[in-house]
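The chain below stands alone and is given as structure tokens, in the form predicted alone.
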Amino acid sequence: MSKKKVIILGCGGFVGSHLTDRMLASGKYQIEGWDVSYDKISQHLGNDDLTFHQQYVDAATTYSELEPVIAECDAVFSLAAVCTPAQYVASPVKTIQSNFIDAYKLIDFCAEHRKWLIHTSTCEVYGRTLSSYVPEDNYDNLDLYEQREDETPLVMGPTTNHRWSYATAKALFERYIFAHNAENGMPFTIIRPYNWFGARMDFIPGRDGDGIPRVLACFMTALLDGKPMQLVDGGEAYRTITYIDDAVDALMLMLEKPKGSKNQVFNVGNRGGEVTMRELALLMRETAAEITGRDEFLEHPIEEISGEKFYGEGYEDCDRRVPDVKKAESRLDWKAKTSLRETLRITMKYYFDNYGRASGINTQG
């Protein structure tokens, strides 16, 4: 049986590297991948089923090279994005350019050749919940905060808050996909990830990157450096955390079940992984103590900081994200299997194993 030809844009990133691992291990796919870095997929560079192009997806020459490959492929995974809150606030122009202006040509090419575009959007397109605009509501009404792919309104903050530059660019990208499907019959699948965690997820400032990463890497940096874990605006915001292997299960099922996944939007998240950022900090302290055998992590300092001071002017948080995953369950037969504690244990052990020794911190087992 011939192998399916799949393009992965962002194959060297967090999600892309895990998807590349899984697809190559299956032996069913030939991958043509683009990314600026190959560090996370270096073990695959000699694999005959991977053709790697080391360049930015939005580089001047990328699209001229990409179009003929799209014409011959079975599916295109669009994974590349600017996707950290610090970047949304500090670099809103780059955020919008990267997530829409430099990327929309991909949709045009897929539409021209009637190729299946599988795009990772974001759960941030939902914006804030309706609950956050109801006076004194305490999330008793599920209809006001559960997010349903085809029903929930997208409620962004004002344009003065740069926090929403990412979400609005992603939402416009989704609308452009829908427009090409309606007018030109382009097949698509849109994925809205809910905080996918796992090994290779993010950089650690001062080791292999600069700036402010996402929350897990921020908390890990504090644990590694013996500095306080900083809770933005008291850590009251909720997140729903999903293990990367469970998420990749969903991506693979989309490829394997095209009738169920084409022309659909899917939330991919673990409803059992919901946690406030304060609770996450406390769980990470416990998990650090368990992984390292060092009980002092149980008392690691935690301090509060305002969102404006931490991220800069124009920051606004998403208050709560609870995915309705019935569509993924019914159409893909998918469900998240990994608990929040196990997700943290696996992910944090990776960080301690790779960064802890330089700080004199070793893991057990």
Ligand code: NAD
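Bear in mind that the values here come from a model prediction, so they are computed numbers and not experimental data. Just count from 1 along the sequence shown to find any residue number.
Keep in mind the form predicted together with the named molecule is missing from the figure; the text below concerns it.
Contact with the named molecule in the predicted bound form, defined as any heavy atom within 4.5 Å, is confined among 22 to 30, 48 to 56, 63 to 71, 335 to 343 to 48 to 56.
Though the partner is left out of this view, Arg214 does reach within 4.5 Å of the named molecule in the predicted bound form, counting heavy atoms only. Although the partner is absent from this view, Phe266 stays clear of the named molecule in the predicted bound form, with no non-hydrogen atom inside 4.5 angstroms. Shown alone here, Tyr351 lies farther than 4.5 Å from the named molecule in the predicted bound form, counting heavy atoms only. In the predicted bound form, the named molecule lies within 4.5 Å of some heavy atom of Trp196. When you look in the predicted bound form, the only residue of Thr120, Thr168, Thr221, Thr152 with a non-hydrogen atom within 4.5 Å of the named molecule is Thr120. In this stretch, 340 to 358, not one residue has a heavy atom within 4.5 Å of the named molecule in the predicted bound form; the partner itself is omitted from this view. Put simply, Thr62 and Asp108 come closer in the predicted bound form: their C-alpha atoms are 3 Å or more nearer than in the form shown. Compared with the form shown, the Ala59-Glu112 C-alpha separation decreases in the predicted bound form, the change being 3 Å or greater.
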